[in-house]
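We begin with a single chain expressed as structure tokens, specifically the form predicted alone.
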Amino acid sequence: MRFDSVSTIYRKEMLDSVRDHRTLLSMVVVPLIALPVLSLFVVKMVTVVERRAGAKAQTIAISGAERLPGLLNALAGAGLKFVPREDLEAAIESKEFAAGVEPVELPDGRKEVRIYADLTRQDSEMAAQRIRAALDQFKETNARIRLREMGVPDEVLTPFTVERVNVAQKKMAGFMWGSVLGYVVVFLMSSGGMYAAIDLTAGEKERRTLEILLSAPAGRSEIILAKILATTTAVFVTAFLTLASLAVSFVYIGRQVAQPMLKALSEGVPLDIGTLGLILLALLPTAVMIASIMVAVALFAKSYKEAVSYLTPVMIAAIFPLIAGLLPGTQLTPALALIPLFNVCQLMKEIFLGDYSRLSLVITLVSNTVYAAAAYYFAVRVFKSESVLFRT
């Protein structure tokens, strides 16, 4: 194999890709703006929704307050406003109020306070939590008063306190983003390579330039290698730009957003050079595999439009192993590290967590390299088939 010929054809294919606006859009523009726009949209939406939900959660409906003396003072002390209503369920269902509270007397004489809420609404859930906190404080205060009247010290009521400590607090941001970003990156990689693969195969058939290329002093293996390298470049550049835009987005969120929750979710993500470099290394065999498969499939098409119809099912089929990784409790084991696409997405999540296994990393890299080699061999066989290249 003459690598000077491969280099020449590769430069020609890259020039064709850059000239194609659809390839340039999917390879450069989308990765650069997709995550920043998505991040800004999420930040703005979370800010607006939380503000509106918090404001609406301050006003609740109440019924039968006279059955429990001191209830209104307890709710007012928690910053809640209340409006008397008879039918609390109807008031909540009609979204007139975020939540409602009603003291009732049970048949055995005990009192029960019922909280009405619609847990499908954020404002209603927030109001219900505020009501419960106010009632817990109200109940504890009444108990302390009665204990004092009986001469019992307050320590009897609270002999100890309970505090839940999350030992993975620093990993929460990496866990949340890592669970999603791997699949976003792989999907954008497939999208970025799709149009490049189509332009270098079916696009050349439409432009009638494939015959000229085949008549050049270069072997079929050299030509197809150059095309796959050009497509791999598009796929890998998409991954690189996606991760770069992700890093910029998190830096912006950390500096511009005041909400503690959003700042923690952005500042807690490890985006150092070592982490990003390891992720790019893990993505490299996957990029070659994606490029080889797309080039091989697109070669069967006679036109650009037909190639799109061929590759769309391939994109859809790739979603299934990605969705499997979103299932709760899924972890990357040596056996699961053999599943393509799924393995690299799970590995990315564990890298973001800073808790990846070297064995799983090696198995993922080796298995994806084998899959990439098999996909490349398949693409070469397809390109050498006259019935595929010149079918009518």
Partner chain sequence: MIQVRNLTKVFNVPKRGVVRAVDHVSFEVRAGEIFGLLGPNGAGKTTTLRILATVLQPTEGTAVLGGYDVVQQPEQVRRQIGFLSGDMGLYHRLTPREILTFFGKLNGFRGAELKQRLSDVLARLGIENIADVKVDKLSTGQRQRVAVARTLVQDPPILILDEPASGLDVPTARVIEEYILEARNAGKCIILSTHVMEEAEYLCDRIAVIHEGRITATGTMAELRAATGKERLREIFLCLLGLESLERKTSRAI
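Numbering follows the first chain given and starts at 1. All values derive from a computational prediction rather than experimental measurement.
Only in words, not in the display: the form predicted in complex with the partner chain, which the text now covers.
Here the chain stands alone, but in the model of the complex its contact with the partner chain, taken as any heavy atom within 4.5 Å, falls in 207 to 215 among 207 to 215, 98 to 106, 130 to 138, 283 to 291.
At the 4.5 Å threshold, heavy atoms of Arg381 stay clear of the partner chain in the model of the complex, well away from it. Put simply, Lys305 is far from the partner chain in the model of the complex: not one heavy atom of it is within 4.5 Å. In the model of the complex, at least one heavy atom of Gly219 sits within 4.5 Å of the partner chain. In the model of the complex, Ala375 stays away from the partner chain, with no heavy atom inside 4.5 Å.
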